[in-house]
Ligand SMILES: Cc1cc2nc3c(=O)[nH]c(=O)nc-3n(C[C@H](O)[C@H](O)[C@H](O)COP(=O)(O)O)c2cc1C
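The chain below stands alone, shown as structure tokens; this is the form predicted alone.
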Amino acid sequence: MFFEPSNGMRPSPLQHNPLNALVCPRPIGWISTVDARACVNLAPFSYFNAVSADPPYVMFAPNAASPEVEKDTFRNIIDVPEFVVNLVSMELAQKMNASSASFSSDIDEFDACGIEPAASTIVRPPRVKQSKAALECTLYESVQLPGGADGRKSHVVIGKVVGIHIDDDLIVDGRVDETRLNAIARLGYFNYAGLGEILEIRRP
């Protein structure tokens, strides 16, 4: 089939937006932020990735929950332009998912979901203590995208990585062992995946 998104993202026979299932797997950025009152927020985003290795920059898209309401994560970053990307290993999948619930802005997801925080070194938001890797970031730029068909606002947040935490157990022969990180990835709908088979393909 072929369709033009300007005519809608669910043409027959599709019953759901197919983009999440087509662009996969996607890593999950578990983003911790604080607001101007120092209230903490923790939420997962699968529209997340690295955009530059050196200097290190990352991006994620905190698309609005509704036409009237921005995500707490985005509002917090505008107020306090710092955040932490906590990488999600398979064993943290259920807690990560629990933190995606719609909590009010005054609820600390660390407390509500039984997630232990740890102080960051440079930025104000805490990191997830159990995460095997975390990236402390400052806001580089926020780009507003055109609104969705339902009027919801969309943004791309680009962060400068100013500090990197790596569990020492991940480092083998001077390299991060991806199998030890055991990262979970988002597919389409409610589906997730582990790393599965890893292939080494050297460049010509």
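The first residue of the sequence shown is number 1, and the count goes up from there. These numbers come from a predicted model, not from an experiment.
The form predicted together with the named molecule is left out here; the points below concern that form.
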inquiry  = Is it the case in the predicted bound form that Ser89, Ser131 and Ile166 each bring at least one heavy atom within 4.5 Å of the named molecule?
reply    = no
query = Would Val161 count as a contact of the named molecule in the predicted bound form, using a 4.5 angstroms cut-off between non-hydrogen atoms?
reply = no
message = Can you tell me whether Ala43 touches the named molecule? I mean in the predicted bound form, with a 4.5 angstroms heavy atom cut-off.
response = yes
inquiry  = So in the predicted bound form, is the named molecule close enough to Thr121 to count as touching (4.5 Å, heavy atoms)?
reply    = no
inquiry  = Would you classify Met96 as touching the named molecule in the predicted bound form, given a 4.5 Å non-hydrogen atom cut-off?
reply    = yes
message = Can you tell me which of 64-72, 168-176, 50-58, 143-151 lies within 4.5 Å of the named molecule in the predicted bound form, counting heavy atoms only?
response = 64-72
query = Using a 4.5 Å cut-off on heavy atoms, what residues in 178-204 are near the named molecule in the predicted bound form?
reply = Arg186, Tyr192
